[in-house]
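What follows is a single chain, given as structure tokens, in the form predicted on its own.
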Amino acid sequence: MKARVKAIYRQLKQPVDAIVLSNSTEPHIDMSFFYATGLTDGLFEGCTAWLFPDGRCEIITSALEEEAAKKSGLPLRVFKNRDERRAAMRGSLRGLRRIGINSSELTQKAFTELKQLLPKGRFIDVSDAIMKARLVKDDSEVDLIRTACSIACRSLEQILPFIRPGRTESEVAAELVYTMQRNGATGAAFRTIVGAGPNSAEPHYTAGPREIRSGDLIVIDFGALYKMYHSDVTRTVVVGKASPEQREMYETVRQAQDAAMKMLRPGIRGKSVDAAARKLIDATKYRGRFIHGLGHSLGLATHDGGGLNSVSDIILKPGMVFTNEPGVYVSGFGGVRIEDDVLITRAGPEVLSTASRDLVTVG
């Protein structure tokens, strides 16, 4: 994990004596704690990771998480109660003057505690440096994302026969989540979206009681969580025979995704990738119907710190993983979104999600 800690320090705009990554109670858990420590299980509420310029990392952990923390192979300070925790925190802060904090994830309560423990310390926001370091995945991270993608895509293919008229959106979502876990997922990466018929025109719909009907477009947005790493895939299927309008909408989105895929190369700015897909869609009758950014970074979080959108100045580098997910949405009719997870390599884009991108007929 020394390389990850050093990667964060290389991105700093000003020096610090140490960086502290502090967890509060769920859901206020800083996923960068797991990035720096390399841990892939455990909750670690109230625990901290301490990162130093030479690449060292130390963990202050509760006795509850001690066994999980040992898997990191890092130096540990174990506390059994609040007093022991404060003493350990005070000991780690001793002699420090400039402390880096991840303001994007630190709660006000945790920050107040740090200031009380070191009243003369200067606390510096290093969240931008952490984000930039996390954008470029190492080989072990890519392997975990690749496995999460494989589990998700295999699971979708297995449950396609389950989707038919009379099933509810919620039933399909439940079957997909169950199948992902049966195939080895830690859990679902996020709330699974199954939007059928008019609901498919709502990009962040989830899944409800609506029964699937013949002729429906169904947007299925799902992901597997595997050892804390996420996949995020969307496929749009049609129940029964697709209408000409549905096929035209689908083909437009697929061509837009192909146009963006060609741009997913080192040295390209994020907004240029988004523009490639947007330009294609806006040249059709679906102009203005692509109402979100093209994609986002993927890793320890589903939205892992960077985006591909109309204002993104991120310059693509090998090791980055982004979603490529253009969509078209027509209120009252339905929507189409196709989403894949893509690794940026020196040779070009490598698609990690393997599910077929053809318009699939179910039911």
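Here the structure is a predicted model, which is why all the values come from computation and not from measurement. Numbering starts at 1 and follows the sequence shown.
Here the subject shifts to the form predicted together with another copy of the chain, a form of this protein not shown in this document.
Annotation: in the predicted complex, residues Lys13, Asp54 and Ala87 none come within 4.5 Å of another copy of the chain through any heavy atom. Contact check for Gln181: a heavy atom falls within 4.5 Å of another copy of the chain in the predicted complex.
Contact check for Glu175: a non-hydrogen atom falls within 4.5 Å of another copy of the chain in the predicted complex.
Within this chain, Met228 lines the site of another copy of the chain in the predicted complex, having a heavy atom no more than 4.5 Å away. Interface membership of His292, defined by any non-hydrogen atom within 4.5 Å of another copy of the chain in the predicted complex, is confirmed. Contact with another copy of the chain, judged by heavy atoms within 4.5 Å in the predicted complex, is confined among 214 to 222, 262 to 270, 232 to 240, 102 to 110 to 102 to 110. A heavy atom within 4.5 Å of another copy of the chain in the predicted complex is found for one listed residue only; from Gln255, Thr186, Thr284, Thr147, this is Thr186. In the predicted complex, Ser127, Asp128 are the residues of 125 to 161 with at least one heavy atom within 4.5 Å of another copy of the chain, listed from first to last.
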